[in-house]
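Consider the single chain below, provided in structure tokens and representing the form predicted on its own.
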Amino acid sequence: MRRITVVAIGAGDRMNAYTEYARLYPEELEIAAVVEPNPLRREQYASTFGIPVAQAFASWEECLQRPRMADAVFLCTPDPLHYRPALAALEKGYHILLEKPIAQSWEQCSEIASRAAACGRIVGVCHVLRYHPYYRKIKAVLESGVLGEVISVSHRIEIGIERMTHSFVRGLWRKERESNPILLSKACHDLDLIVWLTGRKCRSAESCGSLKWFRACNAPAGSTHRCVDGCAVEQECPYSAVELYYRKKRWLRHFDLEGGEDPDAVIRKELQEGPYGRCVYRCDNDVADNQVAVMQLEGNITVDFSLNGFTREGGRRTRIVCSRGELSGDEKRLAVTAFRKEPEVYDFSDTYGECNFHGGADLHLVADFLKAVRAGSAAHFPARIEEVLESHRIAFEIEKKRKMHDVI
């Protein structure tokens, strides 16, 4: 088995998850170089994988100007830094494993796909939920025919208030222009699941939703620009940055706490000066905090889909109604009921969440990508870009419809 070499572009949370494969199976994957503008993360990542200083770059431009130094690129940069690095990597002859979403417009997504085909390169997209045991079971049940034909799908994603405020109000995905609409940056997994599980494309869609709550006009009396500025309601506010980051010590992945400084001092400084200390009602966010869509797929399959940031916990819930039965689940438990039979219940609680590499899905995705690169063909790689474009097309079309109905 030939070992595949990779340039890691972006050394954040997602890259660390995917390249854990190199730590577990060094005979299959070697990290040859890293690109990361944050010097602390760059040095830590290079040290972890034994990358020489000459192979650790501060910018993707500097790296991709060099002669090709590996078989492939793992591209896990922020959303607006997918398009240009992807095209540059393809021109250099790299295969790409690309973090979702593909890019910031349908035209950019299509261009990356067409350029990959022209260059004869493989582009895999990190729709890891296709590899999750829970969703693979749903796929297997539907393909077995035991429930008959799919009639309708009801799917909802509950973001959870901690993730909502961290990522989409205070954080990196708060502004559509700087990232993507929340439907794409968060829920493109969900749209991809709908397409993958049914095997059908979308014929029509309607949507409504808005940035309803996290706006200055909803700020309570006595609140301040920052949660540490003497806010009169901080102790009772469900969105308090002090409670989330300082007291509970949660969602600290963007705080770079391993630089030798006192962690509490780093957190206090962030709350006083950085984006994560801001009042949720006084940020510069513009992405929706709730959205619903209805779709009709080929074969007259109807879909209702909803996204909501106002839940205590995050998760996904799915119900698929078929001509001979139904299934429903919440990623922890799946109930399959064929009519006139007792329900069969499957327990996936041990694979729930992200801390176990999405139930091993992250690692299975990487393994499949490496197989495709070795074979020089993506024919049997389910997450290839040609297969996932449909979910992105749907997302951009749904956003057009939502904006038509947005009255704010």
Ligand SMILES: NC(=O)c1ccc[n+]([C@@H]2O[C@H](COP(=O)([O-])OP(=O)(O)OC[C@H]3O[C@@H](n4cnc5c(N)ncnc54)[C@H](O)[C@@H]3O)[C@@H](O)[C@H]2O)c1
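As the structure is a prediction and not an experimental result, all values here were calculated from the model. Quick note: we count residues from 1 along the sequence shown, nothing fancier.
Same protein, other form: the form predicted together with the named molecule, not shown, and the subject of what follows.
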* Asked: Even though the named molecule is not shown here, does it sit in the predicted complex so that N38, H82 and K100 each have a heavy atom within 4.5 Å?
  -> yes
* Structure fact -> Here the chain appears without its partner; judged in the predicted complex, the stretch of 286 to 294, 121 to 129, 228 to 236, 191 to 199 with heavy atoms within 4.5 Å of the named molecule is 121 to 129
* Could you tell me if Y45 has a non-hydrogen atom within 4.5 Å of the named molecule in the predicted complex? -> no
* Asked: Contact between Y281 and the named molecule in the predicted complex at 4.5 Å, heavy atoms?
  -> no
* Asked: Heavy atoms within 4.5 Å of the named molecule in the predicted complex: does C109 have any?
  -> no
* Is H254 close enough to touch the named molecule in the predicted complex, meaning at least one heavy atom pair within 4.5 Å? -> yes
* To do: Can you tell me which bits of 313 to 339 touch the named molecule in the predicted complex, meaning any heavy atom within 4.5 Å?
  => none
